[in-house]
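Take a look at the structure tokens below, where one protein chain is shown in two forms, each on its own, as structure 1 and structure 2.
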Structure 1
Amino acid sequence: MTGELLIVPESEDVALLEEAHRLVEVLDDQVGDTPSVVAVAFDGVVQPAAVRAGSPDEVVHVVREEGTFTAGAAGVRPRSEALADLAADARAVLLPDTADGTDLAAATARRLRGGCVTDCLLRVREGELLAGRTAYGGRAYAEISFERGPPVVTLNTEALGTPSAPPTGAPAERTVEVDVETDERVRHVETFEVPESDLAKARRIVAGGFGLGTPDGFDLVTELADALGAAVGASRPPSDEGWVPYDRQIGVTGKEIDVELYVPVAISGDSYHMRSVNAEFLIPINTDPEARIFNFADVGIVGDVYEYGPALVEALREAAVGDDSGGEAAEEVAE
């Protein structure tokens, strides 16, 4: 198979480019194949100078006939259209495993009618690129091959390798002008503050699903999380709807969690969500007694969270006050 390795960095982080050079070394050792490493810099998102430090063979500066590209959901459609044109004959397309990188990878793979694997590492087996990633909460490891189209993958930039011989020399540069339209479907873009810690490090999580019916439902989810000393998460639909920031999303296209307590509220429990959930105790709240989420429950609450949630929050807070009072009383006795 021929074609270059197409790298799409989001910043001056050169980890993706170093990994690409490492893959070229392995391909050369196994089958004598040495594809070029080409860095793509979308005008307005990453400047060409930022990716030169990774010593790609070539930097492609992609500019629009009118305006610039933008990062984030509003900019995925025009970037994926331009990237798909560039990647038609590529050996593989590599992006960082971030929310934006994942969205861009999925949209590009769809245009290429090819495969997309997120949060993976690339392996070389007899000259073929395979995507390796953990499954079932880290209890299994899978290697995925691609039947057609260039593989489009997102890689964890904290777990990548480096080439044994760092590349040298200045990369060639060229500018490609494209005529792509802005995504008119995006009417409103809002930036949310993210005051909470990383979900991947949380020990307790209360998450809301689309079954809440409205973004206001997350006020109740937040109250319940506060009462439990937990972080707030969500399934994918609320994230896609903009009810919560993308970094709150749990699932295959979001965060993988490993917690002592998980309380999914109005979440059905489909496989794309549950594949990324590893919980010591799982206590769902859902109005549908047949919801798949109850198959994973230690204890489940069948009911409307709007009816039972406030009472549960009050009970948890009273219990917490009771514990605090008990502790003070114990200290007084000790004195």
Structure 2
Amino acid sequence: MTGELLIVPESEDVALLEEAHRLVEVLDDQVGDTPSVVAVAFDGVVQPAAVRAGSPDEVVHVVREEGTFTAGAAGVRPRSEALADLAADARAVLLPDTADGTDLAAATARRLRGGCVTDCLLRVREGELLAGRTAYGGRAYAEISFERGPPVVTLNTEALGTPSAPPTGAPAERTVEVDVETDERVRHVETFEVPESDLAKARRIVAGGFGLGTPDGFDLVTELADALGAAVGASRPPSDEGWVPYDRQIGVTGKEIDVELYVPVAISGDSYHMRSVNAEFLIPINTDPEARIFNFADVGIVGDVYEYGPALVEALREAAVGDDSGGEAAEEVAE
């Protein structure tokens, strides 16, 4: 198989480009194949200087006949159309594993009628590119092959290595003008403020579930989290309902957590949620004594969170008055 490795960086983060160069080294070692590394810069979305930083062999500037491209959900359709045209003969298309990268990857793969794997690393076996990723909250590992179309993948850049000798020098540059669909099918775009603290790094988490009944229930969850020096998480239904941003979701389709303390509030403990929970100490609050979540509890509160929650917050705040460690815990979570 020939064709270039097409990279779609979102920022100056050069991890994607470095990974592409590493893949070229491995392909060269295994089958003597040296595909060129081509970085795509959508006009209006990424600065050309940012994509040059990783020394691709070529930079393709994609410009629209009218206007510029836009980042985010509103701009996925036109960008996927342009990217699918560019990628028709590519060896693979590599994007960052961000919300935008994942949306763009899925839309592009659909247009190419090929495969798409997100949050993975690319492996090379006898010259074939395979997507390696963990499943079931890290308990299994899968290597996925692609039957047709170039593999379109989003890469977990945090887990990437660096190439032994990244190329240097100015890349070749060309501009491609495209006449693509407009964004008019998107009628409403809302921007949410995403809290900075990353659930994957938090040591303590208080998470709210669908049993809260209303988005306002997360005010109480946040108060409880603050009192414990913890980050706020959620099960999937509150995230699906837009009560919290997606990056708060814990579970197989959200974040995996590894914490010293987990307080699931009004969460039933479904396996899709619990498979991604690793906690040294788990204290649920749930009205239903038969709820599955109590199977995982060290201790728990059987009761209404709206009754016990405020009392708990008050007690924790009082306890923290004479205890200096509360501040320390908060700093640990914010790191």
Ligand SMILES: Cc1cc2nc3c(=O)[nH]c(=O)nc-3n(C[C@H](O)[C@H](O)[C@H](O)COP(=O)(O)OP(=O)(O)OC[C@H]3O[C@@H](n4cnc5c(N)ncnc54)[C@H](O)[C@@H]3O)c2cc1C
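We call the rigid core the largest set of C-alpha positions that still match within 1.5 Å between the two forms. Keep in mind the model is a prediction, meaning the values are calculated, not measured. Residue indices: 1-based, along structure 1.
- Between the two chain copies, the one drawn from the form predicted together with the named molecule is structure 2.
- Once both forms are fitted on their rigid core, the CA atom of residue 283 lies 2 Å or more apart between structures 1 and 2.
- After superposition on the rigid core, the Cα of residue 26 moves by less than 2 Å between structures 1 and 2.
- Superposition on the rigid core between structures 1 and 2 places the CA atom of residue 255 2 Å or more away from its counterpart.
- Overlaying the rigid core between structures 1 and 2 leaves the Cα of residue 241 displaced by 7.9 angstrom.
- With both forms fitted on their core, the C-alpha atom of residue 293 sits 11.9 Å from where it sits in the other form; this compares the forms between structures 1 and 2.
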